[in-house]
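Before any questions on binding or motion, here is one chain by itself as structure tokens, the form predicted on its own.
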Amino acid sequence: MKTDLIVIGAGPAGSMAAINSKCDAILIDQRPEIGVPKQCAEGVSESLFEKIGVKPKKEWISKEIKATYMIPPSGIQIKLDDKKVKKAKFGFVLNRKDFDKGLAEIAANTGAELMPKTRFIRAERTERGVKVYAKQFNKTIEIEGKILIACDGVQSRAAKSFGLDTTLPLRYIESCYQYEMTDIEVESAVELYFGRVYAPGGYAWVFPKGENSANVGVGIVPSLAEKRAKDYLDDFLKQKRLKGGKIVEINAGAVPVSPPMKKTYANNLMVCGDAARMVNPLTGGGIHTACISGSIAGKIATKAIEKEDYSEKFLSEYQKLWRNEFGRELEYYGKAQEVFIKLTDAELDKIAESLLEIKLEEISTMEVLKAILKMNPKLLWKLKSLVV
């Protein structure tokens, strides 16, 4: 089987790479159904679809978000809504199953060959480009191409096949556990609960999915925790408003909360999304960066194939472009995360108290971080290398 471009992983990064490539492409994914199981709490900002140039379908959106609550161990609520945020554009909770499958369908409709239930085994360089070995059902298949784009998640096997170090220390792996629940009280707001009492090194969340349903989960840094992520989540559910809720789906997984890979390209290779650790270390969010990095990689692959230049030097343009888009921010967030995971619950409560009258220009991680530093100057010495 021959093609120009081989994309490993049909999540948002892989599908956006295929959508933005104007060449023959094969998109493989080990899952029999794209988008299943869902991978996260499903929250995105309102600007996502504009940035990636894709018009959202109605079925992709579960709930429009109109406010964000930040809750420290003390239980006080910092509410960010249109009264506190000048440009009050918040975002959506997606239906990731339909969103991921929808992007894959767009990729297929624009010419990519989609191959679900196809498990990547290994890849190698050849005189003509690359060769991928995969298992489709019980049959081993070979795919030859010019360029490979790795979008196969944390500790990418595809990138490792080409010599990139994808090993991630346990310190930078967040363990997440989530229930999709129904028969609970929710409003059109995201709720974020901070502190070791809820989730050491991370946070607990409630992301509304409907009138009485939500994604309820926790993300913890295991080295800081005394229990499993599931145990923290079960404790979190003891709150009165959640206690009677019914669990309709369970999701668990690992999220990288490290700085991005220092090098995300090589001869015949580009690495995108979670595979390149392009995740916000403070929030664990990675849909935006996955979509944008995949889009850039697809466009660069097209240029490379047109010029018949698949060299490391030519593909290095990919890293320059994604770093210009969001690289500096991810570095900031990584440095900030190193500080915030060391704060005690009492310190988090003091920070929260300082933010009760917070006013923001817009809702974003960077704007909230700036406000925290402005109201808590003692944190600045801990963030000497963080310039905002």
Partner chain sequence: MVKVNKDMCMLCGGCASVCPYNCITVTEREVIIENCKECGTCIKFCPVGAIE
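Positions refer to the first chain, counted from 1. Since the structure is predicted, the reported quantities are computational estimates derived from the model, not experimental observations.
In what follows, reference is made to the form predicted in complex with its partner chain, a form of this protein that is not presented.
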TL;DR on 32 to 40, 326 to 334, 57 to 65, 358 to 366: the one with heavy atoms within 4.5 Å of its partner chain in the model of the complex is 32 to 40
Applying a 4.5 Å heavy atom distance criterion, does residue 236 contact its partner chain in the model of the complex?
-> no
Margin query: Can you tell me whether residue 251 touches its partner chain? I mean in the model of the complex, with a 4.5 angstroms heavy atom cut-off.
Written below: yes
TODO: Indicate whether residue 182 is a 4.5 Å heavy atom neighbour of its partner chain in the model of the complex.
DONE: no
(request) State yes or no: in the model of the complex, is some non-hydrogen atom of residue 95 no more than 4.5 angstroms from a non-hydrogen atom of its partner chain? (result) no
TODO: Kindly indicate whether 122, 138 and 141 are, all three, within 4.5 angstroms of its partner chain in the model of the complex, using heavy atoms.
DONE: no
Of 263, 84, 131, 230, the only residue with a heavy atom within 4.5 Å of its partner chain in the model of the complex is 230
As a check of understanding, the residue in 79, 157, 303, 196 with any heavy atom within 4.5 Å of its partner chain in the model of the complex should be identified as 157
Across 201 to 224, the residues having a non-hydrogen atom within 4.5 Å of its partner chain in the model of the complex turn out to be 222
